[in-house]
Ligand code: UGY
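Quick setup: one chain, the form predicted on its own, written in structure tokens, and binding and motion questions come after.
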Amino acid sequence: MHNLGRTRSSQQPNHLLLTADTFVRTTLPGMKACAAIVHISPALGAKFTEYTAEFEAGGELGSTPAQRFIFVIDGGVELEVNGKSSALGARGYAYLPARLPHRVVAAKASRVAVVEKPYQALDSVERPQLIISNEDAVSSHPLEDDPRLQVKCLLPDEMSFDFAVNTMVYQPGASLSMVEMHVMEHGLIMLEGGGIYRLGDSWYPVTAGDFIWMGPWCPQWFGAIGKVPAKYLIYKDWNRHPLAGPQP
């Protein structure tokens, strides 16, 4: 049935909510049997790009000059680096440093979250190295001592990394303890469950499959609603001075 122009999607100066009914698919350079739903990019003022890659069996990502993080939402892919192949199933992920040659080929129909960002180098630290892992192998910890809200840090909290990617799981009724406002921007994909997100001065019902971008200093708060836990994958820029810029 036609929705007569109605949608939960919303684009505001300091935030964006994209819901599946408004997704538009495109093919990025180098992609084969694969389509990208570009959720956020510098075109809207973000300092990173995030998209969901939808693969057919045998489909392949293109290359990127930036550092890249991939997280398998469902399905499975083969990651080829330096002549070695690694299988990534659901919840598998990898961090790929800038300019590291690699291939990502789908073993079957798959959906993969992809984050790409120009690297901000520091003279005092070495560049980060390749990471291949699975969320299941990462220990969780409570946020602010609330056992109903668990966080898994998928990348090391080391100064060499200029961004962080976490998963967060809220038990039904759990919520952030405060409205956050900060210099970091976020890219967020709802993976499971749902709830209410405050973004700016607006309150949005959100559910699995939705994407949210939060610009710097966007007021933000989330509470889980429903009978099952709410889970999301969240990106933020990290470990750099606000005056720093990307380096080649």
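Since this is a predicted model, take the numbers as computed values, not measurements. Counting begins at 1, following the sequence as shown.
Another form, the form predicted in complex with this ligand, is not on view; read the next lines as being about it.
| task | State yes or no: in the model of the complex, is some non-hydrogen atom of V138 no more than 4.5 angstroms from a non-hydrogen atom of this ligand? | result | V138: no, not in contact with this ligand in the model of the complex.
| query | Do Q220 and this ligand share at least one heavy atom pair within 4.5 Å in the model of the complex? | reply | Yes.
| 4.5 Å heavy atom contact, M214 to this ligand in the model of the complex | Heavy-atom contact with this ligand at 4.5 Å: present for M214.
| field | Proximity of Y170 to this ligand in the model of the complex, heavy atoms at 4.5 Å | value | Y170: yes, in contact with this ligand in the model of the complex.
| task | Name the stretch: of 200-208, 61-69, 179-187, 36-44, exactly one has residues whose heavy atoms fall within 4.5 Å of this ligand in the model of the complex. | result | The contacting stretch here is 179-187.
| Ok, K236, K231, H15, R240: which has a heavy atom sitting within 4.5 Å of this ligand in the model of the complex? | That would be K236.
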